[in-house]
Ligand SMILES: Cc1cc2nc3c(=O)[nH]c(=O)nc-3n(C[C@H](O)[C@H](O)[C@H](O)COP(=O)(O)OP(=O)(O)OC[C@H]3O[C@@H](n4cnc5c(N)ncnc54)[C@H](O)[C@@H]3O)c2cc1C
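Take a look at this single chain in structure tokens; it is the form predicted on its own.
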């Protein structure tokens, strides 16, 4: 094949990679992007988008199930519903297809050349791509590594048979009768809750003392309450030990009598019956198989070390997204990708992650942006905290969403907002306001003095700021 030369080469067409390439193309930079799979990466194909589709389907099914059971306080009654999960998955796949086609179209519009295949570094400026038609060599002035991440596999619970990752969970053709979820983080609980609503008996096994340990206990309390209401059994302080088939521990394939072996918090051994065992114990950066040993980049643990401009230890090589560490969020990768493209174009840019919102699409949803109360206190100095419950919010009541609150954390001396958190129905849509407030350096008075539309859940944000100032109006 004829060798390709370009100014910018992007390896990986996930959210960070494709945004970087599109922005570079818009800026007139000769750009090539390499991707082994479909455009969109994990997020679009087997992560963010398909999981939210499944979560939405589960929410709708639970609603009509309550109506059929005469449990709806709205006075609506229906015949008992049924679910065709294969049809649900087909609907989800159609959304993914539309979006991946859209990404491919945007790359083409920005005049970005796409090479389909697996890229391997030969040196800091040269990459060989194994394509369907042979090896394509690409030379670039600047390279961006955006290879993403993959689910962590436990050595005693290897993927296969009844043991699945989130990828397989999002492609099941039928709802498992019994589902064991190993890992009580956001991925495990998002999917565990969805399958519980679809009719599965769900057990969550978490080694730490509580689920969603990355969030403070006050914020997660409504989620824990909801888990119990959904009939989800939660085993905290418990360790998964392996797969047992017909009474024996082992790594066999799915079969009658399969169970997850668990060491409970009191040190006893137990068996959790399961048709499927979903392992969600984290994600690891995809750094192997790309020939990174040829360029010997500095690492930060498992991740590629970067500075505030996403530069690596080698001149002319940037890294963005999950491969660079936490927070492993698609919108972080997108922001980094856009920034790197502008740096390559000669613009002055730098990276600051303080105002990145993080969302957990459990029921109810969780949103955090900036510092938690504990993190703010650790900085020293006094802080003010304002918390407004949705039980006092009219719009939340009309949506049967009284559970939860909005909380604002600010400095006591100058009222600078340091962090904002919320838990409740649909609070993911408040994340933009939270991020904007932190990005703009808002103070409590700015939020309290902004007229918020009534009736909306967003009023809880204003009321939380008023509460921190000592004069909430509706609580």
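Computed from a prediction, not measured in an experiment: that's the story for all the values here. Numbering follows the first chain given and starts at 1.
Below, we refer to the form predicted together with the ligand, which is not included among the displayed structures.
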Full three-residue contact with the ligand in the predicted bound form, heavy atom 4.5 Å, for 9, 23 and 114: no
Scan 283, 125, 226, 197 and let me know which has any heavy atom within 4.5 Å of the ligand in the predicted bound form. 283
Heavy atom within 4.5 Å of the ligand in the predicted bound form: which of 362, 147, 368, 393 fits that? Just give me the one. 147
I need the one stretch from 148-156, 213-221, 198-206, 372-380 whose residues put non-hydrogen atoms within 4.5 angstroms of the ligand in the predicted bound form. 148-156
Evaluate residue 47 for contact with the ligand in the predicted bound form, applying a 4.5 angstroms cut-off between non-hydrogen atoms, and reply yes or no. yes
Is residue 189 part of the interface with the ligand in the predicted bound form - any heavy atom within 4.5 Å? no
Tell me, yes or no, whether residue 181 is in contact with the ligand in the predicted bound form, where a contact means a heavy atom of each within 4.5 Å. no
Please run the contact check for residue 290 against the ligand in the predicted bound form: heavy atoms, 4.5 angstroms, yes or no? yes
Considering only 305-329, what residues come within 4.5 Å of the ligand in the predicted bound form, judged by heavy atoms? 320, 321, 322, 328, 329
